[in-house]
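Let's start with one chain on its own, the form predicted on its own, as structure tokens.
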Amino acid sequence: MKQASPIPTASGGLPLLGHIVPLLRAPLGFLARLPEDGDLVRVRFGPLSALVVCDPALLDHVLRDDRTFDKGGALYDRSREFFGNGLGTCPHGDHRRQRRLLQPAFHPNRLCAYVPAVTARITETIGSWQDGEVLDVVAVMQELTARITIDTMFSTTPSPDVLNQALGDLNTLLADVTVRTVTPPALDRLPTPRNRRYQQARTRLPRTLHHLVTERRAAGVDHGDLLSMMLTARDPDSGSAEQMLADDEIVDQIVSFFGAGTETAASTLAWALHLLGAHPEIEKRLQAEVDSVLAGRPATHADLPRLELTGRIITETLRLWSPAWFFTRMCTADTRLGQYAVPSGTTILYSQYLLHRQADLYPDPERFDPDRWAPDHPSPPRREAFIPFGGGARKCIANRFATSTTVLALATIAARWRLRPLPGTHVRPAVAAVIRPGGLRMRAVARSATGTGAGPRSVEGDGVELTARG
């Protein structure tokens, strides 16, 4: 066997601290520079180290071999504190059974059945906007997608107080998990306000959702929603004790779907609206498409194939601003990645942001260009170079539902409203567990009243901050 090549260490590290300072100071810029150091690069965070995969072929190998490169590492250890052992965080040994039990709930026929509730919620939300109203876009999109996720899971929406509390707890957890990934667990015991908020949210969010699950199981009624599917799911390949999901397992799945479903769609929609505000020529093309396809009515599942540009806008938004910006895996056996030897116990890190911004994979990568995804494009992006939902056997089970929801929402919004950037507004990527457009406030202008206005301000590429609550 050919001798393994030495793995280069990323530049810019400090004695003892390693790369923790540049990661916390400018995480996206730090990641974007790593391919300059090699296809597989070692980074250090104090006494901890990880290998960052910068090459799409090597990463494709990691994602496809989920037994050798199992879910693990500091990020997943922290995420399991509140997501539990759900489908997105469970180890390989639990994944196959969970996937078999949950897959029927995400069959295309089931997704079609969810769409009327989705479009009704979207129509209700945008129908409450007032012409000229200034919207906190991230907050509005988060409330919308949270209600869609809850509707899909429970078919009935909890009271506003319960929903707002759940959203507040989710935001607390997501704001802190990335910082906790690179800080010593011993600091968790300090009686700081942030630690107290985190521990309270970590306890309360699962408890809130567990109450909804036990109420539904006691009712014994099939509502045709995601929870009903989970309560009745059977796995004939498992032993009798594992044929069904236990209540605790269902709660873990519900917490995972609530967190991922809310944040992925909300941040994608917010970024898409910001990008359209900064590119009025693409916005006009979008309006022409939705006017032609929808003809003044809400979007439906049947419209999705004809909403081609709308779909490409969402895809390009996911390329530029994938909500999740890095993940970790744990190497479970001595192996090789290309020319490199990787010992068992090594933490592997990969980043959608890093991969999606490489110039050799995406010409002019900083440019918002939905047409790079057109079917007749002469050089379409490589399949393994686009991973907003991961890849391999662990690819997000709800990726089709998430994409369909955001396409339907964007089309319905564009048919009735134009969201204009506020003059002087500076939008900065706010980086926590997900990347949100920080400071994004836009004015809702009814399409019938839309005229020419002040030019938009594009997103600032520098000065990214790692968000944490102090």
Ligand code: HEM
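Being a predicted model, the structure only gives us computed values, none of them experimental. From 1 onward, residues are counted along the sequence shown.
Although it is not shown, the form predicted in complex with the named molecule is what the next lines describe.
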Of the candidate stretches 290-298, 277-285, 393-401, 340-348, the one with residues having heavy atoms within 4.5 Å of the named molecule in the predicted bound form is 393-401
With the partner omitted here, the residue among Gln352, Ser155, Thr119, Thr315 that in the predicted bound form has a heavy atom within 4.5 Å of the named molecule is Gln352
Interface check vs the named molecule in the predicted bound form: of Gly84, Gly72, Gly311, Pro388, the one with a heavy atom inside 4.5 Å is Pro388
| field | Contact of Pro370 with the named molecule in the predicted bound form (heavy atom, 4.5 Å) | value | no
Is Tyr76 one of the residues lying within 4.5 Å of the named molecule in the predicted bound form, judged by heavy atom distances? yes
inquiry  = With a cut-off of 4.5 Å between heavy atoms, is Phe327 one of the residues that contacts the named molecule in the predicted bound form?
reply    = yes
Item to complete: Verify the contact flag for Pro323: yes if a non-hydrogen atom of it lies within 4.5 Å of a non-hydrogen atom of the named molecule in the predicted bound form, no if not.
Response: yes
